[in-house]
Every structure is written in C-alpha cells, then in structure tokens.
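Just one chain follows, in the form predicted on its own, and it is written as structure tokens.
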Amino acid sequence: MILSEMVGAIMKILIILGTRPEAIKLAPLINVLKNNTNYDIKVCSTDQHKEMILQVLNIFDIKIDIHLNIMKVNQTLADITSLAVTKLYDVIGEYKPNLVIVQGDTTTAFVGALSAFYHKVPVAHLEAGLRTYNIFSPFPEEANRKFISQIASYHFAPTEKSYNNLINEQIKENVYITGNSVIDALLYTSKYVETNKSLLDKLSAEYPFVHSEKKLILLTSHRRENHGSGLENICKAVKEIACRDDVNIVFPVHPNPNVRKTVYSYLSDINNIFLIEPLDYISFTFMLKKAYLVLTDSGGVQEEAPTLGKPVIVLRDTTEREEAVAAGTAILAGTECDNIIKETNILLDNKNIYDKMANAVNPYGTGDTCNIIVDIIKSKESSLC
C-alpha cells in the first residue's frame, strides 16, 4: 500500500535501526511520531549494537518492538547483510507497513530499505544525500547511502549540500532539507545532563580528570578504513600530543579487537591519556561538554561537537560532512601523523583560531528536524484526503 491509499486510515510506520548512531538520530523522531494518534509505530532492531542501542533508547523512554538478534562472533559484512535481509523481509511481510523509515549509512539501513523495496513499500531515508564520491571511503557507508537513494521514495537531506548532491544525481522527487536529527537528540540529552544533579555528581566522580585545569581532548577512532596504518598513525600522533603538559586526552576505546589491540599497544601507561570503555550517550554528552576540542573519525561527532562549541579535527582523508569544514567548525586533517599533530597544536596554542571555530555556526540545524520531518509526512497524508 502506498501513502496515497492511506486516506482515513491509521498509517503503519516501521522504523528500522541496528546501531547506536541510528538509535540516537531516530529516537527523537520516534517520539514525535508516537505523539500522533494517526500513526501506528513499530521499532525494529537488527541488534548490530544491541546493548548500546538499549542505552540510548532508555534515555528517550523508547521500547523496541522487534528484536532480530542477527549478530554473531566474527561476522563479515556479507553475513550481516544476508541474515538481516531475510529477517527484515519477513518482518515487513508480516507487519505490512505503509512506510519504512531508515537512517544514515549502515548495513542495517541499506538492508532495511532493500527489504522494503522487495515488498514495494515506500522508504523514507533520514540523513539522505551525504557523499564523498569515493566508493571506498567511508567503507561500506558511501555505497550504502547511494544504494538507499536509489530505493527511497522520500529523502530527508540535512543540508543544502546534501540536497544538491541528490538533485545532481537526478533524484528530484520528494527531496527536502530538514537539518539533522542528531541535534534534536543532543540538545535533549544535554539538557537532561545539565538538570540532573545526582547524575552530574556520579559522572564527575567517575571521570575526575575532567576537573583538571588542563585542556581536555576527546578522541574517538573506530572506522573500518582506518584499521591498520591509519589508526597506528593516529595513535603515534596522540602519543606525541600527550607530551604537552597542558592537555589530558580521553579515549573511549571501541570494542572491535582490531581497534583495541592497536590502541593499547601504543597508548597504554601514559599518565595523561585515559583509555576508557565506550561511553553510553549520556556519558558521551557529558564528556563532550567538558572537552576543549575533539579528534575523531566519527561522522556523527562532526555534527554533534559544533552544537556545543567544540572544534573538531577529523581523522579521515575524506568526509561526507563537508559542510562542517566549509562552515569552519571542523578541520579535515587526514591520518598522517605530522598533520594531526600540527592541526591539534594550532588549536591548543592559537586562541583566535580556536575561538573562530568554537563560535562558527553549526550547519546541521537548530533542533527542530524531527518536527519538520513529521510535518512533511503529515502533508503527504492530508493532501490526499
């Protein structure tokens, strides 16, 4: 059934997620949709990041309706894709949604869109149109986004640039600029942290290094394309930066064995580098608020950090978030050791450059993305009544 056949009926919407970033960016949208009595909402998780997803959704008081539990030890991308597509095909066939919503660039998002396509169910793609135009960077995310764009019926682009990317690819119907829902999620979580004294006391006690007079650098690195020499270069650079006496560096280390082995071999037993376990979203928001600057190869952090006035050094050779670089909130440093050191030292030593980045306008919106998206969905329904 297509949207035009929904006049006078309850619209059934299936929201598919599988990783923490998807949960973060979909959670505020799920809650806005659930506030509308005309929608029957089901949330389905492939459980790529099961525990981390649950941590995020608990913040927003969201329950998962369907768990697929697809993850097994040492799975390949092919394993994840084949198992997820089979299970999601069955879920969509049983629930018979009128609309499937996917987010971003994960294997779950691609397979969710593909499974909906097999049932001829319209797909809405949240965070559409991001491109590096290098099919292997980020891998496999760049390809996943392109695949979804060919399948989706509704494209919610976060910025004018991502909108134009789609238009230039001859995807011209139902393309909208909405901002990025990660800002909605971050502002909600930031306020939650700020207003919860017992939580603040707990986090402050758990991470006492945030109270140091030293500048806190928040570091994250986990991307598949950086495994090996890229991550080794990042660790070498961070080790050199840690020789400064005015910084503390906190690194929540991803559980992937390829990441942990490299990180601990280079960065353990350095007194101003704090290697900690991955942070839940509340703790991450707290740490981001305390940070002076951020070094990351994450896509989402490039969007989140500028919202809190934190300059970002991007540890990748390409980024699909070029708007952040153009706006001056991020620097694309790559994975060359010397360049990472140089760019970090500039921000630590030059207050004028730091302040210019910290006060640049975030290009990803102001926190009203989910309301914009729901208004678009409503307009597609009501225009046919």
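Because the structure is predicted, anything quoted here is derived from the model rather than measured. One-based numbering along the sequence shown.
From this point on, the text means the form predicted together with a small molecule, which you will not see here.
None of 75, 134, 164, 150 but one reaches within 4.5 angstroms of the small molecule in the predicted bound form through a heavy atom, and that residue is 75. Among the residues 250, 175, 80, 267, the one placing a heavy atom within 4.5 Å of the small molecule in the predicted bound form is 80. In the predicted bound form, at least one heavy atom of residue 106 sits within 4.5 Å of a heavy atom of the small molecule. Using a 4.5 angstroms threshold between heavy atoms, residue 363 stays clear of the small molecule in the predicted bound form. Within 4.5 Å of any heavy atom of the small molecule in the predicted bound form lies no heavy atom of residue 204. Although the partner is absent from this view, residue 71 contacts the small molecule in the predicted bound form, with a non-hydrogen atom inside 4.5 angstroms. Just one listed stretch, out of 48-56, 35-43, 325-333, 345-353, contacts the small molecule in the predicted bound form at the 4.5 Å heavy atom level, and that stretch is 48-56.
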